[in-house]
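What follows are structure tokens for two forms of the same protein chain, given separately as structure 1 and structure 2.
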Structure 1
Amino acid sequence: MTSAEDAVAPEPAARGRQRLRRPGRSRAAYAFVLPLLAIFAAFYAWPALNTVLSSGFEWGLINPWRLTEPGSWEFVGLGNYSETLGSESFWNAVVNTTIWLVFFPLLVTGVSLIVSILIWFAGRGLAPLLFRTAFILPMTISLAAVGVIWGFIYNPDPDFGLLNAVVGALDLDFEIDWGPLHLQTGQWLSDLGSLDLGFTELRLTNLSLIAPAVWAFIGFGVITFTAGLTSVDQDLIDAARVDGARLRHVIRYVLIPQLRGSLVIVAVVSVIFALRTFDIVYVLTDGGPGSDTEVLALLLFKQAFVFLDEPDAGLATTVAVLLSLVLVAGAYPYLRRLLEGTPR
């Protein structure tokens, strides 16, 4: 084909788009999209817009703000935002959520990557299948149930709590003070220790809540990485071996670069999960002791549904808006990757 012919003949995809642009077909396309758009508008766009609007008013669940009743409006402008950003409980929840944000994606990504590579090297057969199933199975349990199960494991009485029974039997009980770090075993859900950073003190009990969440979430990482590993080019590995690469070199320079897409997906989904975590915290500690493990989603819940004597639902929607902004920012690499793969 000559270059002139190239310029004239449209690409197949472009021809398809041209067909869609014909008025009749375009209307049909809109008709097909309309139900989905209506569902999106009713159940996603409107609630999101309503949440943003609600954050500008002072209201509570018992005395709600209603769009259609101007008499119920107590407009406070950005007052809820300034109150939230100046509140001690908000920043305490931010610190706890940040602990989740750092440790949860790291642990989920790291552990599930290691497990997936081990399974991949083990090849086919019953043992790898059982191994993979063991890691994937907890994913099928609801997070509230995971919380209840781990509540039993963490029970301080060694007659009932598995962890303290093991710690006692193996004589692993300890309490250490290394500079700003205080760490102790035994009181897993009330006082695991603390790390004093000078400007704030991190409560390590949050790690006791992150552990069951990681246990339940690793299955997602294992599935994603296992799928990614099936597309790894065996020739590349063979070539690396021939060139004298050791196992760790193969993993570092061949496998991991080919798993970049899976890594982004697991990391971003874990970040989103960490930001909106609620169930496990609610079931295991309800944010306690004190507010040591109170995360943003739990603070939001309490402001909207527990503190009924005060019109704090506006503050709850403010936390929701701030959380959503961070979520969108956190999900951006994932969204970009999705959009890159979408035909236009």
Structure 2
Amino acid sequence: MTSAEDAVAPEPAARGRQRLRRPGRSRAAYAFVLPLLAIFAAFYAWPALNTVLSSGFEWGLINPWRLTEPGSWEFVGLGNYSETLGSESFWNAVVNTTIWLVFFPLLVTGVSLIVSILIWFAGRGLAPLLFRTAFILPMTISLAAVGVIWGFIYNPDPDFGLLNAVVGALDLDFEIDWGPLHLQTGQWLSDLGSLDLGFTELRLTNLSLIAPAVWAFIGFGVITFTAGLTSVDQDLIDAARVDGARLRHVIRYVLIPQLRGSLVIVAVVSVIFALRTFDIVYVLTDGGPGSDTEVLALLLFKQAFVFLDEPDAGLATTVAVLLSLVLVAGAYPYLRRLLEGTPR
């Protein structure tokens, strides 16, 4: 028979859980959490619920839909979704947004990673600080202002447009017409070219919009990767060099594996930014020429606000719901890493 002295004492973790389960502590925890839940319910859950429910009705912004008065508007059920998914303008916006989803995260992640590693290898001093500042400063400018600045750069008149002046001075004008690819310089915001994929045509003017967005957003990647590089153990670098590893091997097999968490953060945030991009497209092209650069967020804006007396706000909320679902799916890897509590 086991004596009282032989009884195994509870482990420290178990004792900690027992303390957390005390009624007083539980009430205190709820007291701290409830204000945050109230803010979440008032400013996120309630508007989100209104948006989802209003997508089942036909209404306009002059006579907005309200959850408290659902019978005042025509109920169409999933009609808005079927109309949106069958709309040519919606799928055109999907194609343009897909171009952003492919190129913007790749450029932001790749360029900022290269810049961060170069600055990190440069060590400390005035030069690395100046380079880091040069890449971070564009983050302080609003994207609307970035659009205005790059509008001057892209101006087709060589007397005003910086890019065309440089291209003309260096005699870099060219035109490529090779199979499905057509590319030309000069008309950066109107006719940069296209790529025919058979089932759809990609308008390369979108790349002219992605470039300034990358310039403005790359500072976020530099900050994130620089923070990740500060936690890299220098002993690993020294050991790799002693074993004869070259610089590219150190970067590939030592630094990049140590930056997996930072890579996930930069990639996911870049995807979210690409999905919801609006202001820089609106300022530079307003979705033009025609609808060549119209993205989903801009399509949503036009449906909701351009014709206030038209009952198209239900279609706009439908686009918002579909876009939100894609945003949640895109953010899932980052959210899962946060919930698992495995920052690296």
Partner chain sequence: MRRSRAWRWVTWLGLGAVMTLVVAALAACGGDDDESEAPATPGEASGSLRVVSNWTGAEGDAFAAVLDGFQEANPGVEIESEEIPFDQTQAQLAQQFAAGDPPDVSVALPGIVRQLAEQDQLMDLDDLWDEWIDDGSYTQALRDVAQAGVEGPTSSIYFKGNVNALIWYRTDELEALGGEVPETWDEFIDLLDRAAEEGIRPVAVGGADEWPLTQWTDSIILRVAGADAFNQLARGEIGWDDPRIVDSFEVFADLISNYFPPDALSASFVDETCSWADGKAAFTNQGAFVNLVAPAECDKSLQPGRDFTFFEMPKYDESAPDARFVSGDLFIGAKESENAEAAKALLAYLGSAEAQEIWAKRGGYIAPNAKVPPGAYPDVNDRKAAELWPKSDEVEAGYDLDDWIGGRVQSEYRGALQQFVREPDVDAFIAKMTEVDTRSSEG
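Between two forms, the rigid core is defined as the largest C-alpha subset superposing within 1.5 Å. FYI, numbering is relative to structure 1, first residue = 1. This structure is a prediction, so every number in the text was calculated from the model and none was measured.
Displayed copy of the chain that is the form predicted in complex with its partner chain: Of the two, structure 1 is the form predicted in complex with its partner chain.
Is_shifted Tyr44 between structure 1 and structure 2 (CA, 2 Å cut-off, rigid core): Result for Tyr44: no, shift under 2 Å.
Large Cα shift (2 Å or above) at Ala31 between structure 1 and structure 2, core-fitted: The answer is yes, as the C-alpha of Ala31 shifts between structure 1 and structure 2 by 2 Å or more after core alignment.
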